[in-house]
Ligand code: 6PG
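Form predicted on its own, single chain, as structure tokens, below.
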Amino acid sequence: MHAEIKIFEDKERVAEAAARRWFEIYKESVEKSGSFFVALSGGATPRLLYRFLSRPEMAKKIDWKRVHVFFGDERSVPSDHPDSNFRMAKEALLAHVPIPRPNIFRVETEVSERREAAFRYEQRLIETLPETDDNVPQFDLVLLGVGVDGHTASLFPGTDILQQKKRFFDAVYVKQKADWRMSITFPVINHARHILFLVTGSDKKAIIQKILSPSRSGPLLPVQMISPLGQAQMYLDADAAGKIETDSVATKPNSNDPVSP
């Protein structure tokens, strides 16, 4: 997985820079097609990003009627549950900006059969998003994180969904979590126009080192299995970056923004 790496002082600076990048991609997408299709992520750093976007000075620059919000993955919990990615995004962003309700596409986690819920969400992707030439729904931007085990979205090591090539959104039982998740799959991630990873915290340092210096033996981590056809960027804070050897990554950090790790 090749991505442009940018390193910032702390998670607040990561979130602020991500908000600026989100806005740039929004403007580019609206100028190109009249709409902006984004897949949101859960997690603490995305929450900070959403709060930046909801600030009046930023929110007023966005024509929210042109923004269409989806979710890259979701936990199998009610939409008002504290662990719900939808609830987090609603509380941090969606409830504070004038986005039309029909432009918000949440996973129907109230459907008891998880695979049916995933199938319904896949149909929304197919019906709503523009398609690539090879008939894959295409997001303008997919936001992703990276777990300490190398998972991204709800694509966890050792799960069947990693081999899914035909479905665009699927349900998966994650043994490590003893729970069901629902997630976009590699075809959708790979075909996105832009992918933006947000990774912060010292607990991510070891996995970032492993991702950027992959071993030639053993299976790839889920995040290493991403093969973006568009632009991929990874925003790190100094704690997560550790002592990255910049010649081991596809693109060196931007000297204007980062703090040297």
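As the structure is a computational prediction, the values presented were derived from the model and not from experiment. Quick note: we count residues from 1 along the sequence shown, nothing fancier.
We do not show the form predicted together with the ligand, though everything after this point is about it.
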Quick one: is residue 185 in contact with the ligand in the predicted bound form, heavy atoms, 4.5 Å cut-off? no
Report yes if any heavy atom of residue 42 sits within 4.5 Å of a heavy atom of the ligand in the predicted bound form; otherwise report no. yes
Quick one: does residue 222 come within 4.5 Å of the ligand in the predicted bound form, counting heavy atoms only? no
With a cut-off of 4.5 Å between heavy atoms, is residue 172 one of the residues that contacts the ligand in the predicted bound form? no
Per contact check vs the ligand in the predicted bound form (non-hydrogen atom within 4.5 angstroms), the hit among 59 to 67, 43 to 51, 29 to 37, 226 to 234 is 43 to 51
Name the residue from 191, 114, 90, 75 that puts a heavy atom within 4.5 Å of the ligand in the predicted bound form. 75
Heavy atom contacts to the ligand in the predicted bound form at 4.5 Å, residues of 133 to 149 in sequence order: 145, 146, 147
